[in-house]
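What follows is one chain in structure tokens, specifically the form predicted alone.
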């Protein structure tokens, strides 16, 4: 069994402690043993990144762009291989894994271009003998803490802009899915990036993540994960005045109005079960007006019941297992809670036997729920979705906004009036019309409101707002 250590200061370093990485589709498949690090490894990585920062910051934009292009080139060449690892260790279908690998390569390609476009401004001063220049400089050394559900895509959309804008990086991936991060680190290691510019430290969030947040050489933290962890990171970062960016949970509404195209609405709602419902943008609250409610529930129940659950590598599989036993038990507890609260479990929510021992759960759909139920208030992060009945559009909009989260929201309707009104009044950072709430393009901003996000947006040109500092210079000729 191969063991994988950390990548620090341009070299792979063996770990004194390891953690097994198991395939959730087949628990007899031990992918490898990965580093279980401590605070000492974090300190080494932070010191390596800080030492490399002056040189990398001074590196020309063409060199940065060329390196990011080289990373993208290898990722494109190896998309199937990388995607297979993504699916093997997380449980998403092979099509989803390969798609994530391809998208990750596109992200590096995009930011190779952005490295060349970090433009400044000039302005006239109110004092006639001065000129004004506004430029952007790298933030410095950044700690990136990423989750297990998009274990390649989210590191890509943090690492690529960080490097493009001249920052050095310490990446802490989820301890549940370290294999994809190791593959990405191996590609980055061969890209020509100077030693210490990129570092990988694996281990638990409680130990490695917290040490990264607290380290005085780390100038900023970009985090994607739970609200509770995000709150702790914010408190720690504020104490030492480090910059932080948080992408957290969601309880995303999909409003379906009476005039919606039923097929489109069902397609949008069923998309909530992609990646086994383990995506922060999934539509977990489906708010349906009375005129279409019964037909919609019947059609969606038929669709959900037909979803083929199986091994991630099986070409017939439409939904893989959930990521681990902890998540599986959490999903089951919420299913029981939904029933005890008075919701009607229309279909699914059962443990499944498959030829390979894994964390298999049939996708669950609840109906006859209210927005006060815990299954509609708390993020489950599994294949569990609930339908809420609304009398009309106004009630549906109020229900959609009645949440502490504000990441994504969607509406299915044939009415341009209602669509435009919803876009303006939905309290979410991203709004979809007649499209699933999950999924986002890499060239436009990603992020939410309320307890879903804090700080500058990720992705697109907006990414530079976190990874750069603005400097205003006054110059007398």
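Since the structure is predicted, the reported quantities are computational estimates derived from the model, not experimental observations. Residue numbers count along the first chain shown, from 1.
Omitted from view is the form predicted in complex with a small molecule, to which the following refers.
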Original post:
Are all three residues 259, 290 and 437 in contact with the small molecule in the model of the complex, where contact means a non-hydrogen atom within 4.5 Å?
Top reply: no
**OP:** Using a 4.5 Å heavy atom cut-off, state whether residue 149 contacts the small molecule in the model of the complex.
**Re:** yes
Original post:
Is residue 213 close enough to the small molecule in the model of the complex to count, meaning some heavy atom within 4.5 Å?
Top reply: yes
Original post:
So in the model of the complex, does residue 366 come within 4.5 Å of the small molecule, heavy atom to heavy atom?
Top reply: no
Original post:
Would residue 330 count as a contact of the small molecule in the model of the complex, using a 4.5 angstroms cut-off between non-hydrogen atoms?
Top reply: yes
Subject >> Contact segment among 121-129, 218-226, 95-103, 161-169, judged by heavy atoms lying within 4.5 Å of the small molecule in the model of the complex >> reply: 218-226
Original post:
Taking the small molecule in the model of the complex as the reference, which of 401, 135, 204, 362 has a non-hydrogen atom within 4.5 Å?
Top reply: 204
Subject >> Proximity to the small molecule in the model of the complex, single hit among 388, 384, 269, 145 (heavy atom within 4.5 Å) >> reply: 145
